[in-house]
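First, one chain by itself: the form predicted alone, in structure tokens.
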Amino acid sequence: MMKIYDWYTGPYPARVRIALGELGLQSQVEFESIDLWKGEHKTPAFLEKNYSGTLPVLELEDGTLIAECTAITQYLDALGDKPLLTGTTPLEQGIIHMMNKRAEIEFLDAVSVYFHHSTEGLGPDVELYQNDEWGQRQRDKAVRGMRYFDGVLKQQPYVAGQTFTMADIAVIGGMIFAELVDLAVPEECEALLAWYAKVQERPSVQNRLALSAPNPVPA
């Protein structure tokens, strides 16, 4: 059985948990919690599994370790007969990967930098260096990213086109993170807000917390 190292409320782990739900692979993995708030992802033992010290990490039965949400999703999506989240043609794959990367750079990662630099973040034992000015700049970048994706979603139903893909999952991760840090979506971003309301109805999104947690968590 595959193993996933993550923290159940983490925005980045949410991406892989949603992918598992979309692909129906929940029963093929077990979870091991790495407590972000205690800095367990920065310990020497965990850094041996992932040099970057980030979550999630997928461990295969033969001990192979795959980090980074995009890489994990790509691997999981390739296990079935037909990819569902990463595209089936070169054009689809190129657009999905482009929009997935934009979701990370322009939105999700920007919220993460804001969290780590301009809020208490994970606490003084983990946040050894903070630069509030940089964090505030990234906060503004994240809001610009929201407006960008609002424009995209005015033109098409999903982030990369006509179907739900890992690019949508990346933007969902950004929305989850924004909620955690009380970073509001501008009211005029009606298309983004409508899309988010729609994708939250998907079972994979609703049930992501129930896959595993230190204590039972309502879906």
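This structure is a prediction, so every number in the text was calculated from the model and none was measured. Throughout, we count residues from 1 along the sequence that is shown.
Another form exists, predicted together with ligand GTS; not displayed. Remarks below refer to it.
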Quiz item: If we take heavy atoms and a 4.5 Å cut-off, which stretch out of 160 to 168, 40 to 48, 25 to 33, 189 to 197 is in contact with ligand GTS in the model of the complex?
Solution: 40 to 48
Exercise. Check whether Leu84 has any heavy atom within 4.5 Å of a heavy atom of ligand GTS in the model of the complex, and answer yes or no.
Key: no
Quiz item: Taking heavy atoms only, is Gly53 within 4.5 angstroms of ligand GTS in the model of the complex?
Solution: yes
Quiz item: With the cut-off set at 4.5 Å between non-hydrogen atoms, does Lys141 touch ligand GTS in the model of the complex?
Solution: no
Quiz item: Given that the partner is absent here, does Leu122 sit within 4.5 Å of ligand GTS in the model of the complex, heavy atoms only?
Solution: yes
Quiz prompt | Residues of stretch 8 to 39 in contact with ligand GTS in the model of the complex (4.5 Å, non-hydrogen atom) | solution = Gly10, Pro11, Tyr12, Pro13, Arg15, Leu36
